[in-house]
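We've got the same protein chain twice here, in two forms, each standing alone as structure tokens: structure 1 and structure 2.
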Structure 1
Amino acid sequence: MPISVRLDKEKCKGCTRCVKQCPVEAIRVRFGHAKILENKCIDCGQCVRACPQRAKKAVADPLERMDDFKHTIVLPAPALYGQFHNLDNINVVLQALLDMGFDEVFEVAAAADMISDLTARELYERAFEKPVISSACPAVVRLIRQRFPNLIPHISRHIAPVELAAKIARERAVLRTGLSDSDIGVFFVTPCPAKVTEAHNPIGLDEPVINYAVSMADVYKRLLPLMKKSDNLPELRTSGLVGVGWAVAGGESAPLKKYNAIACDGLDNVIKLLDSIEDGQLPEVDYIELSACVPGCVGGCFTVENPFAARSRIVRFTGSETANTPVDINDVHRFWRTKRIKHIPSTILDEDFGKAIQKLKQIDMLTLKLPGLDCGSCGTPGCHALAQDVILGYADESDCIFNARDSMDGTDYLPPPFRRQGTENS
């Protein structure tokens, strides 16, 4: 499974901070370096934020690829509008994107407006089994695909706003310019690495619709000197007041006030909520908006500004009206996924059921023998994870510092946090 988070080995000290922060336990430290288990990683970017050495890097595509196309379209994620001080007119950003060299701009927020309209109508018509789970955050969709197979049928059938934006913008450009599809480059300005992975390997589409996903931080640098306030800027903004709000947690569900909608951000919170939904504990809920980052996409690891400052700026741009006339009922197929989301389990212990039970028992027994401190010194997220790695053959019991200490003759050294009162050893 390709991912968009990489390790700079030179910078990694082998501390275990990222290991313990990873919400899906996808990192181990071995031989002095953190190693990402690619079959478990969902590209949420938590390790990028957690690393004090900045050794974890989220990777996006180079802006220079603009030169490969005859005609380029840029799709700014709405989180971009929250990155600038004193921005009172979104047209300033959109004009600067054109001045950077893109031939046209299509706002992801405008596509989000359309999806908001359609979602409200489908909820009204009760067109699907509730609760509907938003498909906008690819890290969340990857999490569900791995850990919550029962909830896969509840994921909204709509593609993500950026995918809809790419489809519409490309179709229009082909018609207007007469160029072939391959001459048109669609560039997404992304707030996070999960959306880079999604752009190249979409979960719900047979073919990618975005050519390149460029980092918001890279674009920010180029954009700043180009941004000019002016009284006679062209009206480039096509988004309404709802779509822009998708950049922050709560923005997507804001127009669904008539329904029982929940907004939840931060992957640990998301996991707890999905657990409750799976157990049938929240039968009244109609719609669930989930984002891996806090507080929503403005917290993505390609963003520049403090996420909470960015949120308050975004909120100033939002309101309750979308820009669109209602979506044409004959046109809704464009909004739908073309591919089914498949369950890709990452934690099954053994294909053979009897052996899986045996291994689970061994893991539980070994866990009881470990100190239960989840100290992380062994390079796994905790004692249970080490036990599982040992039984699956990826680690050794002696990786536990406490186990190793027991086998050292005549040594009873303990680091201060683990000493009992009244004992003196150093």
Structure 2
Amino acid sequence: MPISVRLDKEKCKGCTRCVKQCPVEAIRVRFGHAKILENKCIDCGQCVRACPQRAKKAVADPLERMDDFKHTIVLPAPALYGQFHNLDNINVVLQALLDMGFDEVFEVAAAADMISDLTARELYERAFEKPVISSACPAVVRLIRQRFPNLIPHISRHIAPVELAAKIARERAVLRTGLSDSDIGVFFVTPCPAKVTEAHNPIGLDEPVINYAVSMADVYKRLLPLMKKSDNLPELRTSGLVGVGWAVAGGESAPLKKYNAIACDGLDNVIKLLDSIEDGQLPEVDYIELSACVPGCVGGCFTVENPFAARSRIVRFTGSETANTPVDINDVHRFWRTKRIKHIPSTILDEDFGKAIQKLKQIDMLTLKLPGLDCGSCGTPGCHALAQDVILGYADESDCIFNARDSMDGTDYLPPPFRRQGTENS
């Protein structure tokens, strides 16, 4: 699957910092440059934040694609509202989006309101297998597909709020304008690269419902000169308190106070929690809200504001008066995935099961021979990852500096991250 985090080789110095920061071991450093393993990457953006050279970058779709359609709809993520200083009226942002050139706006927060309402109802009716894991963060869903396949049945059957917003907005626009579906362009203002990938390759839908996912930072720059405070702004906001709160960690689970709902943000914390759930250590939990970014979507790579300042603004909005939003959830099938989520292993040792088991044993044996320091000097995340690469033929046992120093002069040895293409071990 194509990913939305890319490497700029010209800027990369092979420092290995990204290798140590990647929570899914999707990066290797060889011959002075990092390499992102697409089959492992979940587009969390951790390497983008960690890279001191800014050699990792998150890539979104260009805003110029607006010209490809006769009618355009923009879907602002609730995290957008937290990017502006002294904003006291969400309608200011929504009107500015229309002034940018979009024909209509549909808030993702409004769709989040609907999903929150339906989730509470289904938890009351015990329609889910406990614990229910939110499907809102695509990076987390991809993590579960790779690393926690036993928890896949626990992922909520609901599509993400942005996908629901796109479906509703597109259906309404077709009926109102009389245009064909292909003439209507749906643009999502995304806070993170994982949602760019999800927009083009949805995990739970048969086909995409969003045409393009544009960077929140790019939209922010264009919105600033268009934002005007006025008492005469039309009432464009349709979202409620709950939907806007989805922008921050804890906002999604906040309305589920009658149930044992917990929220967790940051992939390292998410992985620890999923390990506990898989081990059956939290049997009393009803609902789990998980966010790859700290402190929620306001911490995504495409945001511009300090995430904690943005969180403070979102919290202020969720405590203010809001419009009354009619929520129609009678057609519940609209909220559900149309495609089953499947386990996709990040590494296939061998197509032959017997050979795969043999390689797994070799990996375990080689891991025991390595020092176990997980220093990253070999250009892999740790000793187990190096052992796996060696058995699969991607690396050599001598790439470990501690193993190599006994058989060669340490002054002549050059670790893999610092070699140049074609350089042989001394």
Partner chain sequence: MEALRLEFNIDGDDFQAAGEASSKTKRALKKLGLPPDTIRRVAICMYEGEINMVIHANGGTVTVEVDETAVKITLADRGPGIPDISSALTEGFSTATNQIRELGFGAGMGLPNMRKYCDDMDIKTELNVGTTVTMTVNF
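Here the structure is a predicted model, which is why all the values come from computation and not from measurement. In this text, the rigid core denotes the largest set of C-alpha atoms whose superposition between the two forms falls within 1.5 Å. All residue numbers here refer to structure 1's sequence, counted from 1.
Chemist: Of structures 1 and 2, select the one representing the form predicted in complex with its partner chain.
Modeler: The form predicted in complex with its partner chain is shown as structure 1.
Chemist: Compare the position of the CA of L175 between structure 1 and structure 2 after a rigid core fit and state whether the shift reaches 2 Å.
Modeler: False for L175: its C-alpha shift is below 2 Å.
Chemist: Compare the position of the CA of D352 between structure 1 and structure 2 after a rigid core fit and state whether the shift reaches 2 Å.
Modeler: D352: C-alpha displaced by 2 Å or more between structure 1 and structure 2.
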